[in-house]
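The chain below stands alone and is given in structure tokens; this is the form predicted on its own.
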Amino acid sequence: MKMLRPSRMERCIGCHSCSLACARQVFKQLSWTNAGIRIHSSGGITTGFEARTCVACDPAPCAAACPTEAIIQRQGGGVRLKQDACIRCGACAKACPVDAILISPEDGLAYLCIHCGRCVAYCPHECLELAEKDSPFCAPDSPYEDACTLAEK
């Protein structure tokens, strides 16, 4: 199973191209917040940016918390999202261990990464990749090892 990885965030300039691509292509909106990937400053212009995205938990606590099966566990990690089944309760966002689910203040719906990789091609600095779950991204010496370990729980 392939997963979206923010593997080179030191290159990120905070342009939000990935968020805009996700919102437009996946959620059919023009927004950089109502997207499966959201970019935040890590504290200041000189400290860089962080990508807030799903770490593909297996089992996914958000799927277990969803009372309507709007979020369904994918085999191997991550979830599928059926927004038309969402009742806007926010239980998924409360259950997410990495704060990767946005409950939009505009429409009350859940927005989260479904690991489709549509955002990858829009990053001008190749900060993102769609990689196999067992890629070097999750190697023991990777700076993302904690996120990978969390995703496997």
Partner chain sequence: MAVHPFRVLHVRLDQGKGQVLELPGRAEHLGGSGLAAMLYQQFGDLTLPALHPSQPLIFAIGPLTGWFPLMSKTVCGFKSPYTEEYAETHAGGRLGLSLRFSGLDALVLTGAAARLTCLVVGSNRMEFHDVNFMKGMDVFTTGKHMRRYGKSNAGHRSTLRIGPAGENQSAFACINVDTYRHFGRLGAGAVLGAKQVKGLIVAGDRSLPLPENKNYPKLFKEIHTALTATDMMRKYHDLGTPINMAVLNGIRALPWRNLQATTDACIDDVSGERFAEQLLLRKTACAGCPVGCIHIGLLRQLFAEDHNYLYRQVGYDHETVFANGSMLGMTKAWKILVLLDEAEKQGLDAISSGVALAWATEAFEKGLISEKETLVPLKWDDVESYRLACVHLGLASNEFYRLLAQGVLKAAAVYGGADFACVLGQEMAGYATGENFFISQAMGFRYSHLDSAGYSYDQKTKDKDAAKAIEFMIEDEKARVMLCSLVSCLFARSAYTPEKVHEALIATDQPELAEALDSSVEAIRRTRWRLKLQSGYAPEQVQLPKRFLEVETWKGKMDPAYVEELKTLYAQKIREMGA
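All values derive from a computational prediction rather than experimental measurement. Numbering follows the first chain given and starts at 1.
The same protein also exists as the form predicted together with the partner chain; that form is not shown, yet it is the one meant from here on.
Only one listed stretch (53-61, 66-74, 27-35, 85-93) carries heavy atoms within 4.5 Å of the partner chain in the model of the complex, and that stretch is 27-35. For the options V98, A121, C116, L109, the one in contact with the partner chain in the model of the complex, meaning a heavy atom within 4.5 Å, is A121. With a 4.5 Å cutoff on heavy atoms, I103 does not count as touching the partner chain in the model of the complex; it lies far away.
In the model of the complex, at least one heavy atom of H16 sits within 4.5 Å of a heavy atom of the partner chain. Taking the partner from elsewhere, I39 is found to have a heavy atom lying within 4.5 Å of the partner chain in the model of the complex.
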